[in-house]
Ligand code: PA5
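Only one chain is shown below, in structure tokens, and it's the form predicted alone.
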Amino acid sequence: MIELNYRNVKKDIIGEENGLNIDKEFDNYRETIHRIICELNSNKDKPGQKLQWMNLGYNEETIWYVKEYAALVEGRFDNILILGMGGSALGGKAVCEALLPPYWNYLTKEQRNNYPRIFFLDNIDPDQMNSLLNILDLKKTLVNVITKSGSTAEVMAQYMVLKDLMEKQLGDDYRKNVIATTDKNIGILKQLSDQEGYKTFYIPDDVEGRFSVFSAVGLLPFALVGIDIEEITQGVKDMDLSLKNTDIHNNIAAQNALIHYLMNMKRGKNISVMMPYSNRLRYIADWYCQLWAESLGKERDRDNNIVNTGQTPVKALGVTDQHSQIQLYNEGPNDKIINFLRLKNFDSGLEIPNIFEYTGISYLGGKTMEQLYNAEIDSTIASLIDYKRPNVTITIPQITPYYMGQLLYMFEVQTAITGALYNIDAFNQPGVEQSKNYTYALMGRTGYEDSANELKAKLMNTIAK
């Protein structure tokens, strides 16, 4: 299983001011954690609790439908194009980057075992869109439109551009090149899919976008490029079984949740840095940032008290950001807890040749890149300890579908437990909805006319000042 090492948040390692008495805190919160885990598992099947993500690993029907469709279209397309924002794209992008061979889209079709290239269009920058559309043969491209509400302005704008281009190039046959992943019953995309006859996959009720990676949102793109989705869901199920343990001493998600909560509330560590030491895991940090920020950054708690709570997540990449961020982490404000993602085993090795024997770099000759990588993370951790900076290490045996399922599900449960500790709703996002509503108003959506006038006046006053 994935391992959590929290030694470097203990007060006897980093001092009383910045560290915790972990044994005492685990005992203090034993009953609270027991209650939270019991409530999560007892409520996951109840409508309206937004906990259906806890059941996604067991959804054999979705797995079957996804595998069936992937087999049906195998060999038909050279490209998969994902249209999605936030949780509709970040999880898929993170897992594909981790599990597909590096530089997947640059490999030949034979090197990709005849699986298609995959592109995630998770922004609406016109320069990016035009550049991508100029290099894709849309006749050989499968477009997957992902939005649960069916009204996400950015995704639907992308879709409208693609539909227009594909219809002009393919005629009525363009419908065979479009699939939709959306709500089963309501929404504009659901309505359009029924009208146009798109193959459609559904996002279950009570699953928010940032918790949807193990639904068809993620599983379908994975299957289309040959990733073993049954291994992913097996990892989810095994981790779920482990995290049902209500004893905090045997539950790594509960341990890291409590550590982050206490570091924030008792030690003023209001920033959570996610720092993978693997290039293939770099987008896990992006996915984590949305999960942590959108779930925990809340103005009010469940009792309607104004709390303005939540840690700010920051992404980093080892060893790259040792040369760009560690100076700040070591000597800047001591307001962070660092999460290291560490691999036990890389998939390949690379030896450094002995070619400069009588120089200052001769010590590198005969070593391996893996040895250097491990020395880099060890030295970073040691320097953080010197500066009394709290950090935890999550160790992954290897980058496989099974362990990616474990890792992401562990973070999801950790987030849910942390939200319960803060006494906030970790599954809503009113601050995001406010921004969306403003966008609708400015773009002239029907029903938002009054808001548009008020907003335009507000913006004009701001500009004038």
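Residue numbers here begin at 1 and follow the sequence given. Since the model is a prediction, treat every value here as computed from it, not as a measurement.
The following text describes the form predicted in complex with this ligand, which does not appear among the structures shown.
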(message) At 4.5 Å between heavy atoms, only one of the stretches 206-214, 111-119, 129-137, 160-168 reaches this ligand in the model of the complex; which one is it?
(response) 206-214
(request) Answer yes if any heavy atom of residue 85 is within 4.5 Å of a heavy atom of this ligand in the model of the complex; otherwise answer no. (result) yes
(message) Taking this ligand as it sits in the model of the complex, is residue 149 in contact with it (heavy atom to heavy atom, 4.5 Å or less)?
(response) yes
(message) Against this ligand in the model of the complex, would residue 415 count as a contact residue? Criterion: heavy atoms within 4.5 Å.
(response) no
(request) Indicate whether this ligand has at least one heavy atom within 4.5 Å of a heavy atom of residue 62 in the model of the complex. (result) no
(request) Find the only residue in 294, 97, 286, 240 having a heavy atom within 4.5 Å of this ligand in the model of the complex. (result) 294
(message) Can you pick out, from 312, 330, 245, 290, the residue that has a heavy atom within 4.5 Å of this ligand in the model of the complex?
(response) 290
(request) Taking this ligand as it sits in the model of the complex, which residues of 422-448 have a non-hydrogen atom within 4.5 Å of it? Please list them. (result) 429, 432, 436
